[in-house]
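Shown next as structure tokens: one chain only, the form predicted on its own.
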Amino acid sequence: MIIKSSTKDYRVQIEDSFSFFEPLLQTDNTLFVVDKKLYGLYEKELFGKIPEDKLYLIEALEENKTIETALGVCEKMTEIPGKRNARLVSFGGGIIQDITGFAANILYRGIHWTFVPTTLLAACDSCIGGKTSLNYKSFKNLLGTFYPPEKIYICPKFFFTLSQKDFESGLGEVVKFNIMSGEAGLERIESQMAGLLERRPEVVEEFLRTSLAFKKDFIEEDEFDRGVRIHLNFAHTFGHAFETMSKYEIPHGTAVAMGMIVADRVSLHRGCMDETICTRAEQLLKKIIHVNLDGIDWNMDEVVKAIRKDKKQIDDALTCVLLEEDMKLKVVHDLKREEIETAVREMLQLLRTK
């Protein structure tokens, strides 16, 4: 799959084995940035072959997704003699992608970068689109650039060592894309959810490919997020708030899944969504949301405050993306606090009565 970009067109290549790794080892002037946990899982099979002076490990924690961590990568790369010919190869999920993509963009005004997404969430969603985002103080994703990798290798073998929590987080975005694509998408994932949950390779790869194809149309039409691409933020207004309130105990994709329930409930109460569609979506989402809701302070003042901090808000009016009639997406700028309170309360009740 080729993704067209004004910066550079780039290729996404799906691999059925780790054979792509050896040629990467042979590249000159290369630094490998690897998720520390992933390194422990694949040290013998893969990463132990990387020379120590070419390896940089990062703990993939939300608190490490900062400018300081990105500058640490830059500092390490100044040891590489090739300078503008230097190459960064990163292995990990969205946090590693954000840190390394940002570093690759700012160092020498842009260096070569290859990304290997090793989580389902990164592989089916964030690896394409070119966004890099860093947290700043209490603001999520406040700092950022647009800088796509030159090449993306996706090897689904990595997904089978993911924890259930991380795998379900990835399914949050997969379900989101299918619900966004209308009745046909909803039916497709309803019929295949069992296979996804069982991590059947052929089912996982099918939804990986369809998720990337769905997102590709949006990012090629609106690369810099000024128009139709904002629709991809369906459920994110609420999801980002839930991540923040849980101090990131709720992973991104799961928070988005919870945000979909809230968004759909707002649409339902506005009379814009058929109740049957809402119920079908909720039945899917309940299968992938397993979080400790009681460990979070669900104070509505804090919910609204967290939503207002989301970078997609443009003024004092609350903005979000909703599904309307015929499952069409619409950006609304008149979200009311009362609507949020009702929808969040119903979401909590639904998840507590599984």
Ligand SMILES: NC(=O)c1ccc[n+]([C@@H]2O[C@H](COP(=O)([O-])OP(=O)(O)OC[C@H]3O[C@@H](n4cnc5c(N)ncnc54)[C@H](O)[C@@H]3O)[C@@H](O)[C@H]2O)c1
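Note that residue numbering follows the sequence shown and begins at 1. Fair warning: this is a prediction, and the values are worked out from it, not measured in the lab.
The discussion below concerns the form predicted in complex with the ligand, not included here.
Contact test in the predicted bound form: I95 vs the ligand, heavy atoms, 4.5 Å
So I95 counts as contacting the ligand.
Touches the ligand in the predicted bound form: T100 (any heavy atom, 4.5 Å)
T100 lies outside the contact set for the ligand.
When the contact criterion is heavy atoms within 4.5 Å, does F158 count as touching the ligand in the predicted bound form?
F158: yes, in contact with the ligand in the predicted bound form.
Spell out, yes or no, whether the shortest heavy atom distance between A122 and the ligand in the predicted bound form is within 4.5 Å.
Close contact exists here: in the predicted bound form, A122 approaches the ligand to within 4.5 Å, heavy atoms only.
Given that the partner is absent here, state which listed stretch (104 to 112, 264 to 272, 187 to 195, 139 to 147) has heavy atoms within 4.5 Å of the ligand in the predicted bound form.
It is 139 to 147 that comes within 4.5 Å of the partner.
Look at the candidate spot formed by A60, L162 and D166 and say whether the ligand comes within 4.5 Å of a heavy atom in all three of them in the predicted bound form.
The answer is yes: all three residues contact the partner (heavy atom, 4.5 Å cut-off).
Considering non-hydrogen atoms and a 4.5 Å limit, which listed residue (K54, K287, K37, K49) is close to the ligand in the predicted bound form?
Of the candidates K54, K287, K37, K49, K37 is the one lying within 4.5 Å of the ligand in the predicted bound form.
Only one of N233, N178, S126, T244 comes within 4.5 Å of the ligand in the predicted bound form by heavy atoms, so just point that one out.
Answer to the contact question: S126.
Could you pull out the residues of 236 to 264 that have any heavy atom within 4.5 Å of the ligand in the predicted bound form?
Heavy-atom contacts within 4.5 Å come from H252 alone.
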